[in-house]
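Listed next as structure tokens is one chain, alone, in the form predicted alone.
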């Protein structure tokens, strides 16, 4: 693997780090924001989920924007918007300003969640694409862990403004890092800058593989560029079904209930202080980072589908254990340890399966003409499902109780396994253009 390609993927993956930090930091900050602004339950839920409304908006626009100005420029823009949202959140004098600022952060998250994996997939050699795109999910987990650590550090003082405002640092790194990076060669071929595209492709793939990739890209470009009507064709519609289905299932299996509400779950399990519950959530965050490395190491060898089967099975088992534990009030202090172990297994299983592989697959399955739009639709579906889960999690706990809530998520893990077996293709080590032709 060429160091130049690793550098490109690593810098682009900073969009994932910001994604992770800005979604994870609210889990600790909300404990103190709720007190500062005397927020009832429904406003606490909305303060958490407003960022997801912004992400839906950003992802809806991202595909068109990436096709208009290019992947590199769109990611550069996302970094700037991240910084503005972080500053606004830190300086918010009231809940209204905070909500607007978190919405702006959401716009950047939505934009980067489409463009970063798209950009990485288009600059990656086929045999290493799984590992390189998985760097994006790895960066998300590092961002989440960083957020938990920052939350823990500032918990004694309740300094939620610092928790939210520190996101400006990686946003500046992303903006600066994108300046020297090249445009995607596939985008350059698409807009007719053939000589420039060949030079970039040679730096990425090597001169011996440039001709094969160029031929595949040109073959793919024979289909005329189109809007939504392109999905009337069966291959494009099937790719959309696979992408949207995976995007929704990644969320409705419950992962962001842990990311956003981890401290509250540990409070339910008997952890007393805010600082202790944030620390327990940070332990889960460490597991999230470490197990994502499994995907990076094995996704191009073992394949996408075997990791999805193993991960979803582990998630289901952990959720069932959590549901059963919360149904046993006599467990007392043991419930805390059962909850911690269950969440560790659950998040660890997600980290090497649904976490990275969903972003990888939706960056692979669409033809070039529909890739930006297709990824935008899939990511919009992902954020919409994320919003529904996060908006109503506390309400589900209140109305259904912990056991029933976690059992529902376990059942949806089984649904995910069936969906993967039925419609998801295996895409390891194939050129992007060959994948889209086979879906």
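Residue numbers count along the first chain shown, from 1. Because the structure is a prediction, the values reported are computed rather than measured.
The same protein has a further form, the form predicted in complex with ligand BGC, not shown here; the description that follows concerns it.
Just one of 115, 140, 362, 123 has a heavy atom within 4.5 angstroms of ligand BGC in the predicted complex, so which one?
-> Residue within 4.5 Å of the partner: 140.
In the predicted complex, which of the listed residues (355, 262, 185, 83) lies with a heavy atom within 4.5 Å of ligand BGC?
-> Among 355, 262, 185, 83, a heavy atom within 4.5 Å of ligand BGC in the predicted complex occurs only for 355.
Please check if residue 27 has a heavy atom lying within 4.5 Å of any heavy atom of ligand BGC in the predicted complex.
-> Looking in the predicted complex, residue contacts with ligand BGC do not include residue 27, since no heavy atom lies within 4.5 Å.
Using 4.5 Å between non-hydrogen atoms, is residue 144 touching ligand BGC in the predicted complex?
-> Result yes; residue 144 sits at the interface with ligand BGC in the predicted complex.
Is there a heavy atom of residue 382 lying 4.5 Å or less from a heavy atom of ligand BGC in the predicted complex?
-> Residue 382: yes, in contact with ligand BGC in the predicted complex.
Any of the heavy atoms of residue 366 lying within 4.5 Å of ligand BGC in the predicted complex?
-> Residue 366: no, not in contact with ligand BGC in the predicted complex.
Among 124 to 132, 87 to 95, 246 to 254, 72 to 80, which stretch has residues with heavy atoms no more than 4.5 Å from ligand BGC in the predicted complex?
-> That would be 246 to 254.
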